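To begin, one chain is listed below as C-alpha cells, in the form predicted on its own.
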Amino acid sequence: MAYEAQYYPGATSVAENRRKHMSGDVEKLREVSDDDLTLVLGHRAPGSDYPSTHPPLAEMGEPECSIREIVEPTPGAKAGDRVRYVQFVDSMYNAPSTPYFRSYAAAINYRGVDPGTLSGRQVVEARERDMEEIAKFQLETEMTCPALASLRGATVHGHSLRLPEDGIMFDMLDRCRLENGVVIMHKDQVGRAIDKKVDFGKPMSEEEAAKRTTIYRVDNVAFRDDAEVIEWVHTVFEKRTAYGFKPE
C-alpha cells in the first residue's frame, strides 16, 4: 500500500491550512521577479554572480565517500555558494503563516537548509541560491500576506502586536508602506534604502486572511473547536508525561 504522508490532524480551516503549509501544497497568489527578490534580501546586487566560498564541487576532486555518493548536493552546494539567510515575521492578527509553520515548511520540503524559530520570527539559512528559492516560494504563495508578514533581518521585536490604521504591521524602520492600495518595500530586509520600490501586491482582505490563516484565535477558529486536534494534543502530552515518548 502506498504511504500517504500525514502532516496535521483536525477538520477546521486552520488545520487544513497547517497541512497545506507543511506539505508545500499552497496556492500561488503573486509574482516576485528575481531582481526584486535580490533587492529586498540585500545580500548582493541584482544580476551579479553568486559569490562563492569554494570552487564548484565538480572541480574539487572530492575524496571517495559512500555518503557523498548517496546524497545529491543542492544546486547552491554544487556551485560553492556562501551561506545567507532570509528572515520573516508574521502578525498575530490572522497572518497566513507563523514562525513554526515556516520552519516546518522549510525543513520538510527543502534539503540543505537550517530553519530556526525564534521569538516571533523565523529564519532560514542556506546556500544563497537555495535560500532564494525558499524565500521566493513563500513570498509568492498564500503563505504570505504582504500586509501581515514582512521580511526583517533586523529590529523584529514587537512586530506582531501593532497594526496601524492602514492594516500594515508596525515597523520602526519603515521598510514597508501601503501606497495606492498595494504594499511596497523601499528598503531591504535590514532597513537599507534600495534603488526602486518593490511591489508585493494588494493586502489580503480581513475575510481572506481569516480564511487562509494557520492561527487559532477565539475570534475566528478557536483551538478548542477542533476536537481531533485536542485529542491528539492530549495523547502526545499523556505519552510524553507517562512514558517519555517510549510507550513500549
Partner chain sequence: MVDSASNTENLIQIEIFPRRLLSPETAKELLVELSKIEGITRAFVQGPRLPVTVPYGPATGQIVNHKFSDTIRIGETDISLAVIVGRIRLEVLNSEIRDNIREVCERLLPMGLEFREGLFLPTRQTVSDYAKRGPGADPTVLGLTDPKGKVGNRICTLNPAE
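Because the structure is predicted, anything quoted here is derived from the model rather than measured. Residue numbers count along the first chain shown, from 1.
What comes next is about the form predicted together with the partner chain, which is not displayed.
The partner chain in the predicted bound form is not approached by K136, whose heavy atoms all lie more than 4.5 angstroms from it. Although the partner is absent here, R129 lies well away from the partner chain in the predicted bound form, with no heavy atom inside 4.5 Å. Interface residue remark: A193 is counted as part of the site for the partner chain in the predicted bound form, having a heavy atom within 4.5 Å. Taking the partner from elsewhere, E72 is found to have every heavy atom lying beyond 4.5 Å of the partner chain in the predicted bound form.
Heavy atoms within 4.5 Å of the partner chain in the predicted bound form are found in one stretch of 101-109, 136-144, 75-83, 149-157, which is 149-157.
Taken together, the three residues D199, P203 and R212 all stay farther than 4.5 Å from the partner chain in the predicted bound form, as judged by their closest heavy atom.
Think of it this way: in the predicted bound form, the partner chain has a heavy atom of just one of V123, V113, L163, M92 within 4.5 Å, and the residue is L163.
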